[in-house]
Each structure stands twice: as structure tokens, then as C-alpha cells.
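Here we start with a single chain on its own, the form predicted on its own, put down as C-alpha cells.
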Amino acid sequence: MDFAPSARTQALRARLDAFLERYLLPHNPAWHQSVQDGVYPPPFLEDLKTLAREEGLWNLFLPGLRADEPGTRLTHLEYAPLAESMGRLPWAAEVFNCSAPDTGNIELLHRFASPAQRAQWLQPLLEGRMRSAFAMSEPDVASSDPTNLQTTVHREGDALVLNGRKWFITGAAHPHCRLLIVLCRNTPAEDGASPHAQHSMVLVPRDAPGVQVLRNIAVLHHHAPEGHCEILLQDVRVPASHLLGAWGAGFAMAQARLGPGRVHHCMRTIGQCELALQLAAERALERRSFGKYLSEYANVQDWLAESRIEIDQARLLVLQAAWMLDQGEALPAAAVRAQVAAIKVVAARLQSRVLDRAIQVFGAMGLSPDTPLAQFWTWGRALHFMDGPDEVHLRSVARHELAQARTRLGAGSAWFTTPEQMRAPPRIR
């Protein structure tokens, strides 16, 4: 189990970091100004995407790419450090065609789409000619338990008809969003079907009649230009051929989508935490208070040290999860699921702690848009809910631990020391 980046990863990361510094960072003020002016995506974004593809920095995330599909076919472990680099600049991932939720949607289509669906949706996504969204969570139920989902789909002749309401749907406000992958409850319910076999995924064109984007919901008063949207689906009718995968397999496909996506999220988080720590350390060396530099105060030194330790711990855990995903069926699926659940909790807690300390070092400036810290903190707080709340993931880890304990129940008694054992020690011979 070796998490050291391969020579290929090191070379790609060096190229990606150089691209970020040469092309993206100089455009960062213009990107924010363009969004503020209501021009999104900024007009220069397509040029940057073309340049990134020409330099081989494209579709870096998908191990299963075919030879005729554009991209690099990196393993999860190889891609993880690149996601960390991209995370430092939140809009960077789109330049390299590595944005969420497209990465997860591409993986779903890559694994489950029919040839016609691949041609209509997957190929344009791989080429960066469109964007997509994944519509799962809902306002009226606890979506942390997907069996609660109430958006319905039923067959009507050669069509599928959808009704329901989704919210916090990332990417749905992007002008290039052409596809919603919608998780729906099958109606009528099949007798005897497991609660986890009663949902299906449907490919819904963003402009299909009956699809209404009601609003772009602010996250802690931060409006993302690509959107976290509330969507109403009212008698939305699509051809039956728009069913993704098998009828009733939606929940299983959603679970398959989440593993790599959580590695991506967590590594982007670690990239943001690294940048926050870097900025905080530089600020501590430059800022004076009561006759001393902030770096001379013991509590500030503790903050910096704790952040460094926690970032490095989290990175190792996420890299281990990426490595486990790369092993495929060689490892128990339950162990991989527990590890992926664990990194989600660790990453959210990490970002909340590291960013809180960094903002404290910066003072009022840390609350302003002059640094990326406030936006990073907002993302970190949202991460405690995204892809399931921390409590759900903690329960997943605990269930795995308890299942492991049941297989060895009683073995722990060998470690007990009772008075009877002390009075009658076993003979060596």
C-alpha cells in the first residue's frame, strides 16, 4: 500500500499547477467580475478549456475511459493529487472538464448508458460541450434516507412521466446544462420489492416541457453561478428509452456513483485547506498585534500546527480510500463503503476547523471577499450535509465496525485478566 504519487502523477500535477498559475490565476479577478456582472460562464472560459485539452489536461478523473474517448485514464489514486490542486481555485475544475456533478454523471453514463444514451449525452459531456446535474435531494423529506424520496415516475405507453420537486441541485443553473439525471420513486410500487429496489434513474433534458427551475438557492448567502437549484417536475414526459440502467436499480446506481465523487470532493477540500493554511501562516508572519507578530503567540502557533497535522492525516485517509477503490473486487465492498463514508466526515470537519482558524488569524479581512477564506468556509459547512449528513456516514462506519466485531465475538475475552487467571497461571511446559 504505497500512496506516493507515481512519476506520471507528479508530471501531470506539475503541468496542471503551472497551467493554474500561468493561465487561471491571472484570470481569477476577471472571472469574479464577469460573474458579478451577470455574464456566466465568462467568455474566456472556452478558450481556457480548449487550451487545457490541447495540453492533455482533460478528463483526468475516469479510470475506465475507452481508447477512443478523450482523457488520461488515471486511477483514483493517481487523480487524487490533481483534484487537490484544482480545489484551490473553485472554478478551475471546469477548465479541465473535471467538475462535479459532471464527473459523477459521466461515470454513471459510462457504466450504465445504452449506446444511444452514450451518443446523446455521454459524448458531449466527455468533450465538454455541455454540462449536467444530478437531481436527488428533495425539500419535503429527509433525503439522507433515499428511500424517502417522493418524486415519482410511471410508465405510460412508450413514455415515462415524472412528477415531483427537487432542491439543492448543483449545476442546474449553468447555461450549458442540458441534462438532469433524476432519481425517482417507481409507481405503482412493486409488491414485495425491497425499499432499495423501488427507485429508478431517468435522463431528463433540461428543456423538457414541465421542467421548471424555480430558484437558485443561496448557500449561507453565497450564490453559486452554476446554481444549487430548486426544480419542479410537473408531468414531465420523456421517451421510455431515457431510463438509465434497469427499472428499480436507481438506488444501487446512486451508491455506485458516490464513491469516486467523494474522493474528488475530499481532495478538493484538502487543496482548499492547504491554501488556507498557507495564507494563515503568511499572515501570521506579517501582522503585528500588541507589539508582537501573530506568529509569536503560542495559540496561533498551535492553530498552525494543528491544521498541518489534521490536513496530513486527512490526506492519508483519502488516499487510502482512493487506493481501495482502485482494488475493485479484491477488497470487500463493505470495507470500501465504510472508508468512503469515513473520509466524507473527516473532510467536512477538517475544512470547518482549518478555515475557522485561518479566518481568525486574518481577522475581519477573513470575512470579506478579498480572500477565498469565507467562500471556502461556506463550502466546508455545506460539506457536512452534501452527499449525506455526517451522522449518516458515522452510522455507516459504526455498522461496519459492529459487523466486524460480530465475526470475532468472544475473541476479545483472551485479553481479560481475571482474579482466577492470576491465581492459576498456565504452565509453559
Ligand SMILES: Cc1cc2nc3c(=O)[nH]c(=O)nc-3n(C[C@H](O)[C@H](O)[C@H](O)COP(=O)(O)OP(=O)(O)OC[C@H]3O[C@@H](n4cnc5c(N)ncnc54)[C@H](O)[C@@H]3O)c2cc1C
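None of the values given here were measured: they were computed from a predicted structure. We number the residues from 1 along the sequence you see.
Absent from the display: the form predicted in complex with the ligand. The rest refers to it.
For the options 144, 72, 163, 123, the residue carrying a heavy atom within 4.5 angstroms of the ligand in the predicted bound form is 144. Proximity to the ligand in the predicted bound form, defined as a heavy atom within 4.5 Å, singles out one entry of 382, 367, 397, 35, which is 382. Put simply, residue 103 is far from the ligand in the predicted bound form: not one heavy atom of it is within 4.5 Å.
Although the partner is absent here, residue 136 sits close enough that one of its heavy atoms falls within 4.5 Å of the ligand in the predicted bound form. With a 4.5 Å cutoff on heavy atoms, residue 45 does not count as touching the ligand in the predicted bound form; it lies far away. In the predicted bound form, the ligand sits within 4.5 Å of a heavy atom belonging to residue 168. In summary, the region of this chain contacting the ligand in the predicted bound form, judged by heavy atoms within 4.5 Å and restricted to 51-59, 389-397, 356-364, 27-35, corresponds to 389-397.
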